[in-house]
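Two separate entries follow, structure 1 and structure 2, each one form of the same protein chain as structure tokens.
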Structure 1
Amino acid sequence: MDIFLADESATLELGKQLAQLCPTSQFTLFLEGELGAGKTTLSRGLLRALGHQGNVKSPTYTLVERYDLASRTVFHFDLYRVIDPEELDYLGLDDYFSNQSLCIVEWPSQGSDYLPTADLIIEISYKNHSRNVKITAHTPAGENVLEQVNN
């Protein structure tokens, strides 16, 4: 599915929609796109919709930020600075991608085989001063969410 996001508020709104649609079972979103595309903005929209107040920054140095929210725990990854995917061995990724969490991963390409299959892959690209987003489902749970996304 392709969606046009005219401005930042549209990106936040898509994050909000995903917050409402993603099941409370274990679920994984990959966010792809260049620096400044809007991966963290979308994550912020999602986290705020789940009740997080305050800042959301890419956890570029810490690799992962945990949010314990009313409905569930969200882990927000930013793997931009990962040079060798083996670095992820030390993080113990299996513990994150279990226990009914919602995992959002920026720069999943840096994580290669250490990451599980995403339920949804969201690719954001520049379109003049706006953005285009392409969403693809890679599991039945992801397909179920994608069917309900409004564009």
Structure 2
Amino acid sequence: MDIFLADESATLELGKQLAQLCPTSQFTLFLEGELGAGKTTLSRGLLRALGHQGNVKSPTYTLVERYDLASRTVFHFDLYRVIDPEELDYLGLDDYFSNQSLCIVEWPSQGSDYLPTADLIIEISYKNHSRNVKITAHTPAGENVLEQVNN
């Protein structure tokens, strides 16, 4: 599915919509795109829709931020600075990608085969203050969400 987002508020709105559609069971989103494309903005819209009131920043240096929200736990990863995917062995990834968690992974290509299959892959490209988004489903749960996304 291809979606045109005219501005930052449209990107936040897509995040909100995804938050409302994601199942409460374990669900994984991969966010791909160059620096400044809007990956963290999309994550911010999603987290705010789930009830997070504070700042949402890309966890570039911490690799992962945990958000304990009323409805579920969300783990927001930024793998941009990962040099060798084997570094992820030390994070205990199995603990994150289990139970009822929602995992958002920026720069998933840096994680290679250490990451599970994403339910949805969201590719964001930025041009002239607008964004083009391509969303693909890779699991039945992802297909269910994608069928409900309004573009």
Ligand SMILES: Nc1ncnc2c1ncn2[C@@H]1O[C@H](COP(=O)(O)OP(=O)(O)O)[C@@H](O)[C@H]1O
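Because the structure is predicted, anything quoted here is derived from the model rather than measured. We call the rigid core whatever largest set of C-alpha positions still superposes within 1.5 Å between the two forms. All residue numbers here follow the sequence of structure 1, with the first residue given the number 1.
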Form predicted on its own, given as structure number: 2
Any CA movement of 2 Å or more for H138 between structures 1 and 2, core superposed? no
Is T24 one of the residues whose Cα moves 2 Å or more between structures 1 and 2, with the core superposed? no
After superposing on the rigid core, how many Å does the CA of H129 move between structures 1 and 2? 2.4
